[in-house]
Each structure stands twice: as C-alpha cells, then as structure tokens.
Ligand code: PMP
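The chain below stands alone and is given in structure tokens; this is the form predicted on its own.
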C-alpha cells in the first residue's frame, strides 16, 4: 500500500506548531534585544521595557492585573510552583485534586504524602467533577483544591466557578484559607473564560498550546502567601528566579494576540470539524462529551484494538494522533486511569485514541482522517 508522504497533524492538544508571526517575533527579539532585563544599562532597560509591555498586553487579554502574572517555562513549572508551595507550609494539611488532572499535578501526591499531607482524589463521572463530591471532600484541614478547566484527554469543561464558590463558602465557616488552582492549559486561546469570574487563586498556561513557542508559559496568582519554589535572583518579583526568556515571552504574546483576534472564528470552524467527525465515526464509541466540552478535542475508542497499535498504523498512513495525553504516553496506563475515573469501560479506555485540532486544521484533512480511520478499522476487525 502506498502511504501518504505529507503528515496530517491531529495532536494539537499535545503541542501546536508555532505560527509564522510568533516565529518572526521570536527571531526579531532574539536578534535585536541582547540585554538582560535585570541589567541597568541601556540594553537591559530596553529589554525590561519590552518584558513589561508583553506582561501588560497578556494581562489585558486575560482581564487581570499585570502584577498577577509570572513568566515560567510552561504550565508544568507553573503547577509545580503552586503545589510545591505546600512543602513550605509550617504544618501539613489536606489537599483535594480531581482524578483527571494532568500528571504535572497528580505526580506531586507521593512527595506530599511523605511530608504528612493527606490527599483526596475525586473521580469525574462522564468527564465532569461533581460539585457535591468537592463539598463532601472538604475538611477542617483542607488547604488546597485543584481542578483543571478543560480536560486534556476528552475536552470536558469543568464548572470551576461553581467549585470555587463551594470552597469559598466552606472557607468562611472554617475561617481557614483554601487555595484553589486550575490548570487552564487547554482553555487559553480556545474557549472564552474569565479568571476573575472563576474566582481562582491561581492558574497555569503554556504557550505551545496556542501556536506559541515551547518552553514558555504563565502562572497567574493572587494569593500573597504563595512562596517561590526555588531561590535566586529577584526576577519575576522573586517568584521565579532566573533570566527571563524574552524572545519566547514576546512570541507567546504574539501568538496570544492572534488567538484572541480569531477566537470565535476559529471555534466555529473547529466545532464543524468536531461535529463532522462525530457523525462520520458514529460507528465507534465516542468518549468525549457532546456538551460542555472543548471542540478542539475528540476522543474515540477503537476497541478491541490497542490504542498504541492503531495510532502507529495511522502514523504509517500519514496521520499524527495520540493514544492519550503526550505526557502520559510514556507512562503505562496513566491515560487509561484518567478515563477509568470518568467511568469509561476498561476495554474502551485501553483502545482510546485522541484527535485534537488546531486553528489551521482543515475540513479536507478531517475528511481524509475519517475515511482512513473507518477503512483501517474495518481491515483490522
């Protein structure tokens, strides 16, 4: 069989290609800004001014104060800054996390337990965390609650605002601060949301999810008690020591400008692609919710075929898809455990394939993918 020579990319939830404009910004800044933003000479002050300009423009998109934003190497570091902050607490306590969190959140459980923290992991039936479960999990010792905004495996949009409200009500009764964090990586540049309306204390973002560069991201934080994970210089108000990645930050700002300029247009087009694939692949179990879900992610099951086998065969035919989140693919059964916590049947979880779309995914590409999946599935079953 003659396979395609051009790769059609359907793994945008893992990472996106940098946009032309973001790449041009990166090259321009890397070429023309040689100074360290912390230096006091002319070139340093020039770099510092650009850094603040980008912080303010990104803050405007998010509807927050520029002072609440810390530039990081990505959401994994931003999540670590928040969760590892519990290590600095004078006393151990209790933390609540959803069972569908990204590994950069869930993998902190072991060290926190070693330090005496108790953790409660909440399932998300059919992709959604129940507010009643969050309410029932809160105790007098609860100091932290984490729930992602958009799930990276099936795209379900969590009702974070309601969950925060429940936590705040309990907080009033206990008179103890409970920090609420949301991993909003799959939301920024794709669905509309307001950090202030959600009421979260902190949120994490990665530029490479919306056509910015890899290795740069953001932490939003309004909790004055949050302490830095590492010690060093006073960059980023001391929250994240180390010289800022100015070219990456500037390119992230450009990518975000583009994403917000075309947010509704992109969403409508991707929704049509999502609906088309749901219809074309209706012979297979669709694991992504049909409502209250990001149109950018569609997860199906190709049972009884193992997902790793099916994704490799799709790649041989010119398609990049995922058998789970990219950060889980190298860790056995982690992607499956997320689906299991959603009450997805084990055989369907083991055969799950995630299709994720970008701003530049075309309808013709989706038609080709649907045809190939159906043909391949018929050949193998």
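Residue numbers count along the first chain shown, from 1. Keep in mind the model is a prediction, meaning the values are calculated, not measured.
Beyond the structure shown, there is the form predicted in complex with this ligand, which is absent from this document and is the topic of what follows.
Engineer: Counting any non-hydrogen atom inside 4.5 Å, which residue from 185, 200, 154, 251 sits next to this ligand in the predicted bound form?
Structural biologist: Flagged contact: 185.
Engineer: Quick one: of 179, 102, 240, 108, which gets a non-hydrogen atom within 4.5 angstroms of this ligand in the predicted bound form?
Structural biologist: None of the others qualify; the residue that does is 102.
Engineer: At 4.5 Å between heavy atoms, only one of the stretches 201 to 209, 157 to 165, 272 to 280, 252 to 260 reaches this ligand in the predicted bound form; which one is it?
Structural biologist: Of the stretches listed, the one contacting the partner is 201 to 209.
Engineer: May I ask whether 300, 344 and 352 each come within 4.5 Å of this ligand in the predicted bound form, counting any non-hydrogen atom?
Structural biologist: None of them does, since no heavy atom lies within 4.5 Å of the partner.
Engineer: Is residue 76 part of the interface with this ligand in the predicted bound form - any heavy atom within 4.5 Å?
Structural biologist: Contact check for residue 76: yes, within 4.5 Å of this ligand in the predicted bound form.
Engineer: Closest heavy atom of residue 95 to this ligand in the predicted bound form, within 4.5 Å or not?
Structural biologist: Answer no; every heavy atom of residue 95 is more than 4.5 Å from this ligand in the predicted bound form.
Engineer: Taking the shortest heavy atom distance, is residue 148 within 4.5 Å of this ligand in the predicted bound form?
Structural biologist: Within the cut-off, so yes.
Engineer: Can you name the residues of 43 to 65 that have a heavy atom within 4.5 Å of this ligand in the predicted bound form?
Structural biologist: Result: empty, none.
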